[in-house]
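The chain below stands alone and is given as structure tokens, in the form predicted on its own.
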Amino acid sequence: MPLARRSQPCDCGLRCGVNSGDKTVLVVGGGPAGMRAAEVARAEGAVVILCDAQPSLGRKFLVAGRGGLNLTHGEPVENFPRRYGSEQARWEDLLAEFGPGDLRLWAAELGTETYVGTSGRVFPEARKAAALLRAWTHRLRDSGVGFCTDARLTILHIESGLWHCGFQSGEPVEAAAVILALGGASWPDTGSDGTWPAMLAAHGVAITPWEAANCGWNVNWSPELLVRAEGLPLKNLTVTAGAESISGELLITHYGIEGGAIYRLGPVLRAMPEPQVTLDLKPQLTPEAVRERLCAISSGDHWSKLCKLSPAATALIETMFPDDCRHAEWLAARIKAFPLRLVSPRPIAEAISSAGGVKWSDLDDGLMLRRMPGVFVAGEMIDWEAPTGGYLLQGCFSTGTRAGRAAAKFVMG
């Protein structure tokens, strides 16, 4: 059953009309979660076919590698579950099966040694994704995993105990188990365009709507502020939203702010009717120390020099609260607690990741859909989010491992 418009030959056996049926695990989605699921299911003895809508596998993996391929994090594994917010007991279980140490060992087995950076993030020594992806793809092929590219899933229904999967072009495929790893709604150019929820909702699966995660936020900057500060960083500050505070840095952009500190506050900010953050522009100093420095100002000195504020921080205060610059008490208060009202998150297509997807309550411990026995999900299709720093890829690998093993067990009996 050939699938049309492939950039490389299909080696899954379907071109000859062969269909393994009750022993086949069909994995749909060739990102890290899907590739890992296929790898594990094949190692467990299942017949595995890996499909992707793109001309080649691992496109999102390659995009993630542009920043050095942050595979996981070097902090103790017991700290990981809290990074995923809800369902921490589930994450403890998933990470016990395939945690950060396992991921580093997996990379080493593929010829890629890793190291822990100064921030605690784990990177390949070469800081590139292409070589690791090539080695991974070759190992999958050598193990007997069949590849089908340019295969976009459009239909999924069960008939006579087998799942029938229809594609935009080509003949349908049937399998005893299907692992869906179709991604979230960020980086749609890589294939994770977030259009699949309607297919599962038709089967009664509960889906949380998509939201942008790990993204910048829009701010109504004045033209004066942008002239002075666009493109400048705000370093070594503390950002607070609600009861949560994050230390880090931000970047002032033409539309608002970017940076790790605002990314990690996304869940809190999205829950606010009127999202706002408070910036401590000098967290190294107490309020009293800031006031003492400002009161010591002498003729010819500028207050920003006394507090060693960056040009971006100085521009924020001088353009948004110019009157406060004439009073030491008021100025000290702004430096230690600068209020910044946010308008909205950036579009989801720009986001590093997305929140939303299949609700955990609709999944059993093996990540099988309760309403669709034999259909498993992995990766960003599930309603979870995590900060940048290696937690996103770790989550994809951990859920892919669980789904692959559970699907193989389902078909092998």
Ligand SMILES: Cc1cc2nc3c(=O)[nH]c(=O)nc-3n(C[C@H](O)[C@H](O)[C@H](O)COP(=O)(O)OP(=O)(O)OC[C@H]3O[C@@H](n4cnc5c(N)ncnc54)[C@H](O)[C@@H]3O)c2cc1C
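Sequential numbering from 1, following the sequence displayed. As the structure is a prediction and not an experimental result, all values here were calculated from the model.
The form predicted together with the ligand is left out here; the points below concern that form.
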Point to revise | Heavy atom contact within 4.5 Å of the ligand in the model of the complex, the stretch among 92-100, 233-241, 307-315, 186-194 | key: 186-194
Review point. So, in the model of the complex, is residue 30 in contact with the ligand at a 4.5 angstroms heavy atom limit?
Key: yes
Review point. Quick one: does residue 366 come within 4.5 Å of the ligand in the model of the complex, counting heavy atoms only?
Key: no
Exercise for review: Spell out, yes or no, whether the shortest heavy atom distance between residue 52 and the ligand in the model of the complex is within 4.5 Å.
Suggested key: yes
Check your understanding: Would residue 152 count as touching the ligand in the model of the complex under a 4.5 Å heavy atom rule?
Key -> yes
Point to revise | Listed residue (281, 262, 178, 182) with a non-hydrogen atom within 4.5 angstroms of the ligand in the model of the complex | key: 182
Check your understanding: Using a 4.5 Å cut-off on heavy atoms, which residues of 335-355 contact the ligand in the model of the complex?
Key -> 351, 352
